[in-house]
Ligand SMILES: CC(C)(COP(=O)(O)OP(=O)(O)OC[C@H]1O[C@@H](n2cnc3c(N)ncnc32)[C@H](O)[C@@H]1OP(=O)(O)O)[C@@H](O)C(=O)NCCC(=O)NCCS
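One chain is shown next in structure tokens, namely the form predicted alone.
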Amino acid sequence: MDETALSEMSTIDQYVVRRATYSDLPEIARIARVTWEATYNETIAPENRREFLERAYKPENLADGIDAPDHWFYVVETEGKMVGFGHFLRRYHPTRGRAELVRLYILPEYQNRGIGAALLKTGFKALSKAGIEQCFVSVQSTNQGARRFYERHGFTYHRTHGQFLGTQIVTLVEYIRDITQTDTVQ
């Protein structure tokens, strides 16, 4: 592991949060499939879930987020096993200081154990160091668990919008959170 990767590794409680690597991509894709099935099996049609996962979570389609500037892509491990991941990226104009949390997935059997909070804390610290002032995240409106999670972690409602996902329109709630100096404290 190179020096930059080691400097961005953190242990929060019993979880190790580290930068994602190319060799992590197949497991990231597997975690996405498992969590999508558990989360969206009643709200997104099976063919739309399948098409989205095949496109968005092919390892080669995720690879751009690994070493790209202005991407912060992390995995979290516990007991020697990868159990989740989170991916932040700079959005809008590069001088505006805004980012989006585009992915945060934790295997269902590991949810509600502080793993998502550990990923957020690591990501917010990196965003703060990069001069990012705000972070956005969009959540399916019916995903009450995720909505409560983000609200507990300082995100506030920004707007609601629709987005096509295959053959259906999904209603998303967009949240925003300021990134502050206190986010640099681990």
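Residue indices: 1-based, along the sequence shown. Just so it is clear, the model here is predicted, and its values are computed rather than measured.
Here the subject shifts to the form predicted together with the ligand, a form of this protein not shown in this document.
Q: Although the partner isn't part of this model, could you tell me whether Gln111 comes within 4.5 Å of the ligand in the model of the complex, counting any heavy atom of the residue?
A: Yes - in the model of the complex, heavy atoms of Gln111 and the ligand come within 4.5 Å of each other.
Q: According to a 4.5 angstroms non-hydrogen atom cut-off, is Ile106 in contact with the ligand in the model of the complex?
A: Result yes; Ile106 sits at the interface with the ligand in the model of the complex.
Q: Would His161 count as touching the ligand in the model of the complex under a 4.5 Å heavy atom rule?
A: Judged by the heavy-atom cut-off of 4.5 Å, His161 is well away from the ligand in the model of the complex.
Q: Look up in the model of the complex whether Ser128 has a non-hydrogen atom within 4.5 angstroms of the ligand, and give yes or no.
A: Flag for Ser128 set to no.
Q: Mind checking whether each of Thr35, Arg148 and Arg152 has a heavy atom within 4.5 Å of the ligand in the model of the complex?
A: Result yes, every residue of the spot touches the ligand.
Q: Out of 22 to 30, 47 to 55, 60 to 68, 140 to 148, where are the residues with a heavy atom within 4.5 Å of the ligand in the model of the complex?
A: It is 140 to 148 that comes within 4.5 Å of the partner.
Q: Using a 4.5 Å cut-off on heavy atoms, which residues of 31 to 46 contact the ligand in the model of the complex?
A: In sequence order, Thr35, Thr39, Tyr40 come within 4.5 Å of the partner.
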